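What follows is a single chain, given as structure tokens, in the form predicted alone.
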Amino acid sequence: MDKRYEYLEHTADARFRAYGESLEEAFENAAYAMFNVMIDTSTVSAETSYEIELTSEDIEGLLFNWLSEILFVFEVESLAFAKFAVDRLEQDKDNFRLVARALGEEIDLSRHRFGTEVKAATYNDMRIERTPEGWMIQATVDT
């Protein structure tokens, strides 16, 4: 799939659509889209791997938790991420479950170029849809 994500017009926040041939790839590209609002990820090295395991009752909640968790790690652990790898995204009878890694390094104000602050992930107009090409995720983050 050529296009990983695109930004959509929004009056106050940042809205994007992320794409993937698989749902895992669409989740990875949603993370790239959110992080590239905050920081130029091409300036970040993938030196450190941060393991993430999340569950939710529905797929929208899992996306919200995924974006919220990597934003939390960015803010609290001062880690900027350059790559995202969703190793497993599965559903059992009660929950959706995600196992992933975010790869990056400690924030270095002398090298990393920052953009717009993202305050939080939101459920605003969130969409997760299967398309003829794979999957499309639409998400809005509070800036």
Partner chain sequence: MSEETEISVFDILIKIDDNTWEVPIGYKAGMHVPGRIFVSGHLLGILEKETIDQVANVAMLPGIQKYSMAMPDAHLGYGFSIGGVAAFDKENGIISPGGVGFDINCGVRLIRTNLLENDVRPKLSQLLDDLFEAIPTGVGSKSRLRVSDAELDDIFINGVQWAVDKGYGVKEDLDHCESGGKIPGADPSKVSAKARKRGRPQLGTLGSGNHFLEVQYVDEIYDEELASVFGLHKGQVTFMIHCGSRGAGHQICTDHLQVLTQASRKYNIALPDKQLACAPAQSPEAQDYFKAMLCAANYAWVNRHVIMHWTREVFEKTFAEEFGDLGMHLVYDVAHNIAKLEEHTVDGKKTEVYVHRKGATRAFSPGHPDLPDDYRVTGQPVIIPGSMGTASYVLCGTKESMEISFGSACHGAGRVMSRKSAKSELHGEQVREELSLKGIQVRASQPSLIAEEAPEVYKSSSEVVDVVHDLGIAKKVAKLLPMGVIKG
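Residue numbers count along the first chain shown, from 1. In this text the structure is predicted, and so the values were computed from the model without any measurement.
One more form of this protein should be noted, the form predicted together with the partner chain, which is absent from this view; the next part is about it.
For the residues 116, 42, 49, 91, the 4.5 Å heavy atom test against the partner chain in the predicted bound form is passed only by 116. In the predicted bound form, at least one heavy atom of residue 75 sits within 4.5 Å of a heavy atom of the partner chain. With a 4.5 Å cutoff on heavy atoms, residue 138 does not count as touching the partner chain in the predicted bound form; it lies far away. Although the partner is absent here, residue 96 is not a contact residue: none of its heavy atoms lies within 4.5 angstroms of the partner chain in the predicted bound form.
Under a 4.5 angstroms non-hydrogen atom cutoff, the partner chain in the predicted bound form lacks residue 128 among its neighbouring residues. Picking from 96-104, 64-72, 81-89, 22-30 the stretch near the partner chain in the predicted bound form, with a 4.5 Å limit on heavy atoms, gives 64-72. Residues 9, 10, 11, 12, 13 are the members of 9-26 with a non-hydrogen atom no more than 4.5 angstroms from the partner chain in the predicted bound form.
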